[in-house]
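Have a look below at one chain only, the form predicted alone, in structure tokens format.
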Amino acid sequence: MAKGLIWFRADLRLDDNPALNAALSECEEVLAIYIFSHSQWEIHNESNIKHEFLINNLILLKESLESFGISLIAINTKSYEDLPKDLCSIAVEQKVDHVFWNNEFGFNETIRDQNSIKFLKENNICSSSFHDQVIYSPGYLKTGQGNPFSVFTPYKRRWVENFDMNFLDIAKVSKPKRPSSIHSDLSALKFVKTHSASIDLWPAGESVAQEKLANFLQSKANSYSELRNSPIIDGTSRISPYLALGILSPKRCILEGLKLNDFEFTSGNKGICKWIDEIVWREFYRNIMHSFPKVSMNQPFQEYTKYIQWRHSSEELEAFYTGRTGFPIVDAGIRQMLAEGWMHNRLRMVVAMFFTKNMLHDWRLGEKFFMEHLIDGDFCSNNGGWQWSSSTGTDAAPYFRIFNPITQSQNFDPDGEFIKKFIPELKDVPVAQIHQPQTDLFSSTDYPAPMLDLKESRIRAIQAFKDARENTSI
């Protein structure tokens, strides 16, 4: 009688889990495993709050699995290089016939999985992998010339053109014929809290994630297009931490959204259409990482941007990292991330563009900083977002497009409520003046003077990109 092992990774759920469903349909007994590597998390700059959120969710996943007769064990491994051997050792020890998992993206992850398949095969153990983070297999959608898409709009168009509602079929989870023969054990998961963000804002569990999704779709989705850019209004779904760890699947999100919009992608409720666009963006960035693996290895998508002469100022970096640049909307966004482990999406773009254009600092430093503090840090999306903002990536903003943080502040936080929430030292500054950094205006507070001149820094950034282009033609 076949015994299966489900290897959980960024898919900590029972609902819409193709690897789990396959294991349950093919094997009489199923055991589950989570393999943690501290060194790999450090290499990927995963945040401490995300680590805590992971463990909180694994504890609840263990309880859910046990109700189905599946035990969950956790082990530590030194690195991705050691992981395949450790996985194989567990499989051999437990007399497993077949190992199942859902695929991840990135160069290291691909090599890890290839080596896992090799070691398992050498021990006569079958393996099967599935795609749970995307609707289409990576690389499946092509341009008319047969190339991978590198611009979102035509990608989304092809995504919709090829869509079949059968893609959204979600199988119900069934119990195995016999329960796991060993007990669950998560004692290997050690955690030392080093962050100061509020984990209470992010309750764990699959049921919580599904409830958040339902509440958003019922009460906020209709006005999502109008309210999603205002950081003080709770107008977004805030389910990104649950998507990042796979506690909620993109397919489930799309399905529930379409149910409320007569299964239309481009017409009907504008809010739902726009929100589904954001889910498809996640898939787009996963396809980019699959089709252009260099972006997962600290390389820009746009080749000429390798020649940009980035600045490096330790003093400016420290001011940025602590939310003391002297530009209120930028600092408020950074302080929100430090306090909540999350930053509003509009502010992620504003902050990233300020860092890479006005400060002219290397986008890789900013990408790392975000990953080190975000509870929803997602390698593909974070890389894609930073490369878009810095004009080094696919579908990138033109290098001369530079958000003005003052204008962004006036447009999306007109009453200064968000700024005053996260920069309390400015609470008494008049609304009419709070967006415009001025040395004399804030001199009576502990808030710093602006670290740079916006006009001069814009000219400097445009020249740096022009110089990089010229260097590629020499």
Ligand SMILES: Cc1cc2nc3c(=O)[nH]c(=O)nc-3n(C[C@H](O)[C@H](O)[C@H](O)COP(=O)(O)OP(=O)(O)OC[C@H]3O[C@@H](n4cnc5c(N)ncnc54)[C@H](O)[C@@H]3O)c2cc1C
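Keep in mind it's a predicted model, so treat the numbers as computed, not measured. In this text, residue numbers run from 1 along the sequence as written.
Only in words, not in the display: the form predicted together with this ligand, which the text now covers.
- This ligand is not drawn, but in the predicted bound form it has a heavy atom within 4.5 Å of D378.
- The closest non-hydrogen atom of Y304 lies beyond 4.5 Å of this ligand in the predicted bound form.
- Contact between E278 and this ligand in the predicted bound form is found at the 4.5 Å heavy atom cutoff.
- Taking the partner from the other structure, this ligand in the predicted bound form has a heavy atom within 4.5 Å of a heavy atom of S240.
- The three residues Q133, K212 and L258 each lack any heavy atom within 4.5 Å of this ligand in the predicted bound form.
- Looking at 240-248, 138-146, 114-122, 153-161, the stretch with residues near this ligand in the predicted bound form, meaning non-hydrogen atoms within 4.5 angstroms, turns out to be 240-248.
- With the partner omitted from this view, the residue of F320, W101, F105, Y224 that lies near this ligand in the predicted bound form is Y224 [heavy atom within 4.5 Å].
- Only one of N382, N358, T325, T392 comes within 4.5 Å of this ligand in the predicted bound form through a heavy atom, and that residue is N382.
- Taking this ligand as it sits in the predicted bound form, the stretch 134-165 never comes within 4.5 angstroms of it through any non-hydrogen atom.
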